[in-house]
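Only one chain is shown below, in structure tokens, and it's the form predicted on its own.
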């Protein structure tokens, strides 16, 4: 991956890339999206060290419920034990390394390895192994051969995160200002709870995971990539992403960012405009919100849901949640589901229907974006130009009343925030 035409890769100790020469304030070198060595470094320094979204508490609502999920390339079981707690276990038998769980979801008190019949509780403890006299009988190896546990597990507003590092910033510090956006999402429920129970769609994409993370809060592309859809459906969304829009792009720190569309919705002052409808078309939901929130309901109904990217893999796009799963330097999976709000069946049905139309197998929005991801990936593999430009809006950035850096609706402020945090992690000891 040549830099500045030198033909040599700048490296640090132990032949690690010199990331400060690959990531600048207003540009990123193409090799960061294509180099397998950098991908391996990302696994070690980002995916296996920081907090990663793994699932939602509503997916394992009852004791014994479990789902299979991932942290980077690690296959993880998220299970609710009889103690009521959520546990994250690596899906690997401690004996010979076979997968102990094959189903994607279910309810079980234990997991049995199909290779030699070793059995584990859904909290990880080894509870049985056939022909135990070969190990000196029961009670001899159980303590040392349990399933490996993800060292740290925490949740916020039902969103469950895991960290494979035993030490580091806690989840509250990791989320920082982004936690307020999850609070905004929960407030849209008359009961104050989000649920992710509509099922997940999986889209495999021939693109580096960071291209997806960048795109999620890129306000520059919607009118061009999605213009035909907006024109056919009569959607007002496209106009929110223009230089005339009052909306802003905000870097929330620690790699998180948002497209804050509330200034535009406040100007209109119309409840449910953010959802493309009016309050009288969802009367039961509007009534439930007004009963739950009182006078504050009007502001909540006007401002709507967040559009936030939470580093490194969680994206909330108003009525949908997306999760990025890296596979290699040039491939990833994007998981998507419809947001479901506790106590809002009328709105939930619409959310599922709209999600199927936009990101389902025949959905138009995700198909558009995926085409762009894959074209980008092919492009960054070319020899020249070597750099991707990130300067849009740099000269007009400002600091808002919360001390956060913001730009216009189409500016690359969020991307720059992503890359500065990425650089701090990749340079770390």
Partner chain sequence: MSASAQETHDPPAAGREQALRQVEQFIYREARLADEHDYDAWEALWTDDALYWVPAGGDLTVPAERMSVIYDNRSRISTRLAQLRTGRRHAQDPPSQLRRVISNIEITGEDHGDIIAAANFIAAESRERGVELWAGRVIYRLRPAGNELRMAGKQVLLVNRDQPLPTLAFLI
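Residue numbers count along the first chain shown, from 1. It should be emphasised that the depicted structure is a prediction, and the values quoted were computed from it without experimental measurement.
Quick note: we don't show the form predicted in complex with its partner chain, though the next part is all about it.
K.L.:
At 4.5 Å by heavy atoms, is each residue in 245, 394 and 420 next to its partner chain in the model of the complex?
P.N.:
Zero of three within 4.5 Å in the model of the complex.
K.L.:
May I ask you to choose, among 352, 292, 286, 141, the residue with a heavy atom within 4.5 Å of its partner chain in the model of the complex?
P.N.:
Of 352, 292, 286, 141, the residue with a heavy atom within 4.5 Å of its partner chain in the model of the complex is 352.
K.L.:
State the residue from 281, 206, 299, 267 whose non-hydrogen atoms include one within 4.5 Å of its partner chain in the model of the complex.
P.N.:
By the 4.5 Å heavy-atom cutoff, the listed residue in contact is 206.
K.L.:
Just one of 371-379, 384-392, 397-405, 40-48 has residues with a heavy atom within 4.5 Å of its partner chain in the model of the complex, so point it out.
P.N.:
That would be stretch 371-379.
K.L.:
Is there a heavy atom of residue 96 no more than 4.5 Å from a heavy atom of its partner chain in the model of the complex?
P.N.:
Output for residue 96 is no: heavy atoms all beyond 4.5 Å of its partner chain.
K.L.:
Answer with yes or no whether residue 359 is in contact with its partner chain in the model of the complex, where contact means some heavy atom within 4.5 Å.
P.N.:
Residue 359 belongs to the contact set for its partner chain.
K.L.:
Answer with yes or no whether residue 123 is in contact with its partner chain in the model of the complex, where contact means some heavy atom within 4.5 Å.
P.N.:
Output for residue 123 is no: heavy atoms all beyond 4.5 Å of its partner chain.
K.L.:
Does at least one non-hydrogen atom of residue 224 fall within 4.5 angstroms of its partner chain in the model of the complex?
P.N.:
Residue-level check for residue 224: yes, a contact with its partner chain.
K.L.:
Which residues in 193-229 have a heavy atom within 4.5 Å of its partner chain in the model of the complex?
P.N.:
Read in sequence order, the residues that approach its partner chain (within 4.5 Å, in the model of the complex) are 197, 198, 199, 201, 202, 203, 204, 206, 224, 225, 227, 228, 229.
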